[in-house]
Ligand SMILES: Cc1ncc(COP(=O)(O)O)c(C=O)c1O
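First, one chain by itself: the form predicted alone, in structure tokens.
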Amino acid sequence: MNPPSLPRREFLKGSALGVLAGPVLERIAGTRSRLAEEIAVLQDRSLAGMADQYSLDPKITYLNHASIGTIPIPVQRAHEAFLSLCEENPWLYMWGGAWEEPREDARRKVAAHIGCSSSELVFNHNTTEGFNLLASGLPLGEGDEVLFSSLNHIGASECWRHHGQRRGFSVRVFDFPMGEAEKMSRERLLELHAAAIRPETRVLVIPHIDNTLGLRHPLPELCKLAREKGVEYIAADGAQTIGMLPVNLAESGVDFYCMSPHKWLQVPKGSGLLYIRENRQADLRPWQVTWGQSRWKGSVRVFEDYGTRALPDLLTFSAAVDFHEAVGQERKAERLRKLWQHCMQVADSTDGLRWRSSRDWDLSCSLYAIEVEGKRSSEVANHMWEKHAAVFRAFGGDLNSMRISPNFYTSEAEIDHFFEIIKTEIIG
């Protein structure tokens, strides 16, 4: 007869950690020490000259960070080190508990970076997953309404329609006047939302920065307005914000904040974050569960209750935060503001180009729409990629614009060259 077995994870912890955890933590510390040495010099370097910190092909003009970002070389090396370490003994790192504390350290570091408690932060896969959890797990039913504008991303929209049909709550979209974006004021933005909210509106979804115009919504003011009008739950789409501009979630006023940090925080692809304000966690039901519901009951970890996970990716969050803090959040935001201003000046001084986004930096970001008048944006995008290896997102319809989204290391010379080609080959 076989002896009675201990619970799986308790056995692994008891047999493995005492022998191996020490060397594991030492090697993680070594990886972080090497990273610190690599990024220590960044504080003294010009941001415009940091393209050498990335693996981007120098032949490519990459103006599409709003779709997907690229990992800095020092962070990439840290990620590779964690991957290599995992493959030496995947049982230990995935199930043995050796990486539990490093993972929680990463959670604490990210939470401090974005202004919230680590007890409010979920490691998931992307913004869409976060919104699916909300749409399936919030206590909504007949008579309840979910409201958002036409600027809302499909990943933050379709899940509400899908679950609303099944659960009985309604979804309403109010039209955002895209033609007003260039002269949009904070007061006008608040008026649009105030007019749209009804007594039955129980959930308001806001894109902190929308993915077409790059309009930065003033979350504290919008949340205050919504609360005064009786909205119970406020969820924000932060896919475009985290890593681009400083964020303080504790002061934002939102209950939920869904993120895709592979864009601007530049973590491994398929790594996401979800903020759930502590006093809202009991209202939300997990949408996937396995062994940990009783163990993690009462904590944000119940929303991470699934099986195998790419733990090397999660550990890399620490490296990404270290990199961006070495660069400096405020310094990076100022650099992006200068690039925004430069692009706007180029558009204004070039016949045939039309600036379509806000001209107020407090309502803007490093994502903006520029129309090539009289030309289909998709045709412009195809020409620029096929002939000049330039990457940006094209939006059709009434907007019919190039969505330009440079990062801080993009140079003015690179932008000028891009628009010179547009001027000579497209506009003519």
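Values in this document were obtained by computation on a predicted structure and should not be read as measured data. The numbering used is simple: start at 1 and walk along the sequence shown.
Below, we refer to the form predicted together with this ligand, which is not included among the displayed structures.
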| query | finding |
| --- | --- |
| Among 337 to 345, 136 to 144, 186 to 194, 204 to 212, the region lying within 4.5 Å of this ligand in the predicted complex by heavy atom distance | 204 to 212 |
| Contacting member of 262, 216, 356, 107, with respect to this ligand in the predicted complex [4.5 Å, heavy atom] | 262 |
| Heavy atom within 4.5 Å of this ligand in the predicted complex - the one residue of 239, 181, 320, 78 that qualifies | 239 |
| Non-hydrogen atom within 4.5 Å of this ligand in the predicted complex for each of 66, 126 and 153 | yes |
